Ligand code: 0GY
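In the form predicted alone, a lone chain appears below as structure tokens.
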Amino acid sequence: MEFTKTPGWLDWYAGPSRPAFKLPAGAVDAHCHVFGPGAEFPYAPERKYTPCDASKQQLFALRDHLGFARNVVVQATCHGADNRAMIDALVHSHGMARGVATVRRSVTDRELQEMDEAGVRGVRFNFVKRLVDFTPKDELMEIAGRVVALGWHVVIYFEAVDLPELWDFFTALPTTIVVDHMGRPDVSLPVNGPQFELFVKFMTEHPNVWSKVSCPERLSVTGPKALNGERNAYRDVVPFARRIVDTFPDRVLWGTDWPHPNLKDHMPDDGLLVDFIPHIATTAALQTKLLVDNPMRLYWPGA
């Protein structure tokens, strides 16, 4: 089956550099994806974009190149609620990957149990309108109520301007909640301004809320340019991510977001993204919590 990639879509960076930062032993890339390959795992008819293929073999090769030990593979919106590509990656990871699925109300208890056995540990609710169609909140709440019995969590993806509207729904969810990419703050605004303060309040008042301090390449205004030869790109995102890591060290995660869906201005060097980490988690203790302790507690409890 042939798929035509969305015009302007950039392919993932095929020659990532070797990071200067040495990851702690057992580090987890807690947010990444697989796309297809489309000939084997077709993209959803209702998708908003068609990506480049990005296979499990390529993901695992990147894991090894960067120095990670494990992955958390998040279901991509281009696959809709067909989780086969993601689950296939989990099955072939030899226990070194966990997954976050997208499901509909029609999913059966047997299907949920089979996903759990394959390594799925959460479901994702996407509220970014340009990426997905609206799903009624009562359906999402019903799904959350069903997966809590499995010990799963809910991953939420939204943009900062929509947090006030979504606050009541989010705070009513009965599970642990993991926010993608700090709720996509506008980093041209002050780190202590009203928009980001609301997100900090959200995490402060609700101890079941975690955050991924990932995707500086999506949030940055200054971009990937490093100064004076230093591998310190996306520096305008640093104060935001560092604040979350410092304030909530036991509830933060980090991931590459490989293969970086729907980017059109530049495709990041994943080695450079790893070198972003010590600028936001500034001590060995914080780095170990961010990259090892927290993801292991959430995705491999008891391991």
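In case it trips you up, residue 1 is the first one in the sequence shown, and so on. Here the structure is a predicted model, which is why all the values come from computation and not from measurement.
The following text describes the form predicted in complex with the ligand, which does not appear among the structures shown.
Judged by heavy atoms within 4.5 Å of the ligand in the predicted bound form, the contact stretch among the candidates 235 to 243, 63 to 71, 253 to 261, 267 to 275 is 253 to 261. The contact residue chosen from 123, 178, 85, 76 relative to the ligand in the predicted bound form is 76, the criterion being a non-hydrogen atom within 4.5 angstroms. Only one of 104, 130, 94, 110 comes within 4.5 Å of the ligand in the predicted bound form through a heavy atom, and that residue is 130. With a 4.5 Å cutoff on heavy atoms, residue 196 does not count as touching the ligand in the predicted bound form; it lies far away. For the chain shown alone, residue 170 is not a contact residue for the ligand in the predicted bound form, no non-hydrogen atom being within 4.5 angstroms. Although the partner is absent from this view, residue 153 stays clear of the ligand in the predicted bound form, with no non-hydrogen atom inside 4.5 angstroms. Although the partner is absent here, residue 98 is not a contact residue: none of its heavy atoms lies within 4.5 angstroms of the ligand in the predicted bound form. Although the ligand is not shown here, in the predicted bound form the stretch 23 to 38 places heavy atoms of 31, 33 within 4.5 Å of it, in sequence order.
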